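Just one chain follows, in the form predicted alone, and it is written as structure tokens.
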Amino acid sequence: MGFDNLVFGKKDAHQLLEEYGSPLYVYDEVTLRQRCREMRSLLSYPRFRVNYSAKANTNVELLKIIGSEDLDVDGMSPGEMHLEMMAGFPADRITFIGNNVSLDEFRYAVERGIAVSVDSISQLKTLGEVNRGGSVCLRINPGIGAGHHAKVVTGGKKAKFGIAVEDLPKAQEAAAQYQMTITGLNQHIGSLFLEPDAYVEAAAFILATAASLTSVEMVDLGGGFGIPYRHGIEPRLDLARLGTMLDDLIKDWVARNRPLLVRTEPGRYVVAECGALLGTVTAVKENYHTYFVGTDIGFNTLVRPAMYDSYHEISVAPGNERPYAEYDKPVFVVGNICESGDILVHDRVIPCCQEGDALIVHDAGAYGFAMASTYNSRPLPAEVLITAEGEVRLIRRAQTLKDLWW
């Protein structure tokens, strides 16, 4: 551990904060493109596509890069689909994967020729009102869940997502009622897996389900690909092993059944490591033998630690020249929101901080800005991109106080 002034080893944190304001989201184009290419080359199976799950980060400039790397995209709302189309994705590279959405939201997708996936028989019937005679994908709950926190497990018998397997005949009846053809199946068992076994087990399950539905032309194996937030402790997901396991599974299925389009649905893996969140130390104190480092990074700016007990590595960029030193006891790094749960770092040894130091929160590209809010009426921060050529480009301006009202 030591002081670290450079963001992605390229730009000085203090200079970025001085020019664009604090806090600030920073993204690295080189890292983003590398992660896209890793996902795209996951399988050797020729009919393989990657659908980036855009809820992880919907910045239009990042979506443009992702599209240029030949990834497709998922949308969870008309807003996301609108941003994806702004970024240049045509309708046939977008899938609307909604959850408990309205008739108008289904109509928005259908009128634009965007494929739709539904996750309940009720939603299937709602879609039928505006998609009679069309095609539909079904989100299946395989009864298998995985994830780093209960709040991100999206499969299993207590998850709100997907159609239970035993209800598949009822779904077929509902689709037939509206003359809709079930052309795809998708699933998502949870977020942030670092071992492939549960994912491959779920993939085998959905392929077995597809075998009984001859109209199915596509299976989406879901997402949840994890990244090692704890640097040097957690291993990276072994993509080579995962890819081999999936290739063997898919090729065996195709040989016994029929050709299929196979998709994955990563979100976090694509964008998490390309993003960092910068902020400023605003106060340092010791209360009752506990150190607190106060910062302008509240859970309005990064909610993951407060919502999921998530871990992010944090670096300190000193505001003045001084010898490196660490606190002699664990420290809490806390934000500027008037809530007791506004804690960025729990009980961790970090470098000694002073007011005016900059903080670099690593791996903040996924579910960072996308989940930010204006709670306590604090404006949203700016976002900048470090381009492949090493330039810094503003890709979203910071909100002003006026923006809070109009």
Ligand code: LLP
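In this text the structure is predicted, and so the values were computed from the model without any measurement. Residue positions are given as counts along the sequence shown, with the first one as 1.
If you look for the form predicted together with the ligand, you will not find it shown, but the lines that follow are about it.
- Only one of 243-251, 278-286, 187-195, 101-109 lies within 4.5 Å of the ligand in the predicted complex by heavy atoms, and it is 187-195.
- The single contact residue among R35, R378, K55, H362, judged by any heavy atom lying within 4.5 Å of the ligand in the predicted complex, is K55.
- Using a 4.5 Å cut-off to the ligand in the predicted complex, each of I97, E265 and R304 places a heavy atom inside that distance.
- The closest heavy atom approach of M371 to the ligand in the predicted complex falls within 4.5 Å.
- Interface membership of Y311, defined by any non-hydrogen atom within 4.5 Å of the ligand in the predicted complex, is ruled out.
- Heavy atoms of F299 never reach within 4.5 Å of the ligand in the predicted complex, leaving it off the interface.
- Looking at E84, you'd find every heavy atom of it more than 4.5 angstroms from the ligand in the predicted complex.
- Scanning 213-230 for heavy atoms within 4.5 Å of the ligand in the predicted complex gives G223, G224, F225 in sequence order.
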